[in-house]
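The chain that follows stands alone, in the form predicted on its own, written as structure tokens.
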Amino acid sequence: MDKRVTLKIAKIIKETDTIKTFFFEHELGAKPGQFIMLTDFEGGEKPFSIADSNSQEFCITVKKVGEFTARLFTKKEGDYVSIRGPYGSSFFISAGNVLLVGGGYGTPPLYFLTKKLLENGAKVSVVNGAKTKDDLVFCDKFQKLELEYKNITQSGCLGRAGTSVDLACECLRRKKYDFIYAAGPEMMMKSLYPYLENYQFEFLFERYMKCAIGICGNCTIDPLGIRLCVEGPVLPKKIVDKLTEFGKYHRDATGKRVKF
């Protein structure tokens, strides 16, 4: 969908001091893993993953990290923004035993996915990790669903220090899974990757996106030239296995390579 739609912010939930979820009453027709492009009419446009979507509304979860998101955090319920989308590839909806691995504010798209997996009859396990409690989101939402859920922080503020990859490895040692999903910082997924050699999986990548329709090439990944806004942001194992830049570098606004 390339048509731009102006929408009123229906509801805002403060998840933490630096993370908010914005709700819009609009049938987006999105699938788990897809994203929208949003502008606040004051300059620029940014991509945001879809945290949930149904026939009445959809929402995005945003962390305040720069000028654009700082402006977005000043918005109130009833204010207007403009969006286009949804764009990109979506997650495969598996069945059987599945493991979802989330990291920080990259976790919310896995909530949308989880609901679809449960509807499909999957038995879902979710591990959710972050640096501190302030970056750990959607804990209460996951815990209200029929699934196995664990969370952890690197700071140890919840009683144990570690990462979502640590929890994922524990899960992999004690149970056999039919499919693995991950969303979060790329270096988190890079750390998880060696443990998934014998598993089918999909990763949700986040890169700098300008156009969202595959024209600018700013979100391409070497050596395949995969455009994350079109062929991604969800990529399967058979593609990830071939990505030489995975976990090594990304690109800035000019397209220049930047090491992680």
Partner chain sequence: MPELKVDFLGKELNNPLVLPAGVMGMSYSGMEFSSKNGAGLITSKSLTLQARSGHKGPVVAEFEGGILNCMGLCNPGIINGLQEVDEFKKRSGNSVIVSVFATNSADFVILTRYVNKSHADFLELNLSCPNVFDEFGIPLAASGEEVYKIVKAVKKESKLPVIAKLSPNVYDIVAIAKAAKTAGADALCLINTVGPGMLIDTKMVKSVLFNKFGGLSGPCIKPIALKLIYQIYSAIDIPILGMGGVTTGEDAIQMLMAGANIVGVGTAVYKRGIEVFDKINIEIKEYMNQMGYANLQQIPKLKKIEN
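Not measured: the values here are computed from a predicted model. Residue numbers count along the first chain shown, from 1.
Separately, the form predicted in complex with its partner chain exists; it is not shown, and the next lines address it.
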**Message:** Since the partner isn't included here, can you check whether its partner chain sits close to all of K3, G43 and D222 in the model of the complex (heavy atom within 4.5 Å for each)?
**Reply:** yes
**Request:** May I ask you to state whether N218 is within 4.5 Å of its partner chain in the model of the complex, using heavy atom distances?
**Result:** yes
**4.5 Å heavy atom contact, C171 to its partner chain in the model of the complex** = no
**Message:** Please determine whether G29 contacts its partner chain in the model of the complex, using a 4.5 Å cut-off between heavy atoms.
**Reply:** no
**Message:** Under a 4.5 Å heavy atom criterion, is R207 part of the interface with its partner chain in the model of the complex?
**Reply:** no
**Fill in**
The listed residue (S82, N97, N120, T132) that reaches within 4.5 Å of its partner chain in the model of the complex by any heavy atom is S82
**Request:** May I ask you to choose, among T39, Q200, T69, N54, the residue with a heavy atom within 4.5 Å of its partner chain in the model of the complex?
**Result:** T39
